[in-house]
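Next up: a single chain in structure tokens, the form predicted alone.
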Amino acid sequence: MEYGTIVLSREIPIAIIRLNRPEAYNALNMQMVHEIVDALDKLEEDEGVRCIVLTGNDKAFSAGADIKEMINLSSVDLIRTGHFLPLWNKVGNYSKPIVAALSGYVLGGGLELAMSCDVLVASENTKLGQPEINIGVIPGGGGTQRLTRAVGKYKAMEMILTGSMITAEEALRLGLVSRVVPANSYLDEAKKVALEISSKSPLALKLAKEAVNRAFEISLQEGLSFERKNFFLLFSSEDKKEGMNAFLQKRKPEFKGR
């Protein structure tokens, strides 16, 4: 598939998906949604790729949904097509870790896309927000849910009800991003994180992701039970034997995802 709104590259064991609509501050449209989903489908099947970096450019990760495309949509259109639902489902439930490399504007659907990822690396000039209230709607891609879980009810209410933006440093203090780095190094830092993640067992990464994500959906006791099940499952893997033997032999493990 030829891509017109993203650029896909591989730097094995990682892959990079770059949102590429610079003239529109990487606004999300349906073409971009389909292309990101297609790229992620391909990378999910590629055993050589163990972690994904999702990024934009220095001025914008994504400033949100493309208003020109949305203005004439009706409720029936959204219900019939699901709109951006394939993207939210794909990223939010992806089997491999995704590191978001953020810079510039991370707004609306762009912030919702970033929050669907697993680790968020932000440049010091990043500005984050859910400004949908300013155009008469509300977040529709998880903003009211993921943002509230990340920063708490009252800060989420302030951001969503006023449409105001916060800085990268404030996002770090609130727990909305994982780390903040200088503007000229955010992508390199994200790649560094992705490479570190890629050195771990693919099976352990997958089950760890599942367990952490379930923590937001179920009770503590149910979560502990789910974690224990995934922990037990890994004891039948070759990677568990390799990892423990490598530790005892004081060498670097070679994980195969088996």
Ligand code: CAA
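All of these numbers come straight from a predicted model, not from anything done at the bench. Numbering starts at 1 and follows the sequence shown.
As for the form predicted together with the ligand, it is not shown, yet the points below apply to it.
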Inset, instruction - Select, from the options 18-26, 230-238, 243-251, 5-13, the stretch whose residues sit within 4.5 angstroms of the ligand in the predicted complex by heavy atom distance. - result: 18-26
Inset, instruction - Although the ligand is absent from this view, report whether Met70 comes within 4.5 Å of it in the predicted complex, heavy atoms only. - result: yes
Legend entry - Touches the ligand in the predicted complex: Tyr186 (any heavy atom, 4.5 Å): no
Legend entry - 4.5 angstroms heavy atom contact with the ligand in the predicted complex for Ile98: no
Inset, instruction - Report whether the minimum heavy atom distance between Gly56 and the ligand in the predicted complex is within 4.5 Å. - result: no
Inset, instruction - Identify, from the list Cys117, Leu107, Val177, Met159, the residue with a heavy atom within 4.5 Å of the ligand in the predicted complex. - result: Leu107
Inset, instruction - May I ask you to choose, among Leu172, Ala150, Val181, Met165, the residue with a heavy atom within 4.5 Å of the ligand in the predicted complex? - result: Met165
Legend entry - Contact check for Asp66, Pro131 and Ile135 against the ligand in the predicted complex, heavy atom at 4.5 Å: yes
